[in-house]
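This document opens with one chain alone, in structure tokens, the form predicted on its own.
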């Protein structure tokens, strides 16, 4: 179980964008977080993925409180999360070919090149990337193709929790359906839990087991 307990967070200590928010995601559960732009849902998603330290409150993973944030988190907690952001070009190193972009988390954890190559080879057809596309850099592919690579990167370490922050906001309908299908296939196979953040009520209602409707924090 992933628990967010009394989270207050933001980027200015005196002006938090999230105030005393709690949320629970059960094992294998898909939870949608629906709200307008600026309400703080992306900040909460970053806290849930251990990418942003809250000003107050705690993140509890299977009964164990988070013991650090970003690279300061223990490896077993840090690598339990796969994250897909709204804007793939801001989350992708423009110098890397898509093949290396997907393998990046494996290399960061010291996996051998052969293991990384094999895992990329497994995931590429799942997300709809050909060998020819894997050899390209971000500026040589479309937003949809780059987001496919970012989804594969999020799955490459076989995480127990997926955080999808407006994952489909910049995608067309066919790419949206394809990537939601990839995430759901992985969840069925692995039993991973999901937090899907967005403002598309129809998509979240169809995708998730339950949807939490959140307005702007007071």
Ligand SMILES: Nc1ncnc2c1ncn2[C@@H]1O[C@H](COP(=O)(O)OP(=O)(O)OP(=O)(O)O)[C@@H](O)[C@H]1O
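Values in this document were obtained by computation on a predicted structure and should not be read as measured data. Numbering follows the first chain given and starts at 1.
One more form of this protein, predicted in complex with the ligand, exists but is not displayed; see below.
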| item | value |
| --- | --- |
| Interface residue in the predicted complex among 32, 193, 159, 40, criterion: non-hydrogen atom within 4.5 angstroms of the ligand | 40 |
| Contacting member of 208, 21, 25, 17, with respect to the ligand in the predicted complex [4.5 Å, heavy atom] | 17 |
| Heavy atom contact within 4.5 Å of the ligand in the predicted complex, the stretch among 175 to 183, 61 to 69, 32 to 40, 148 to 156 | 32 to 40 |
| Heavy atom contacts to the ligand in the predicted complex at 4.5 Å, residues of 158 to 195 in sequence order | 166 |
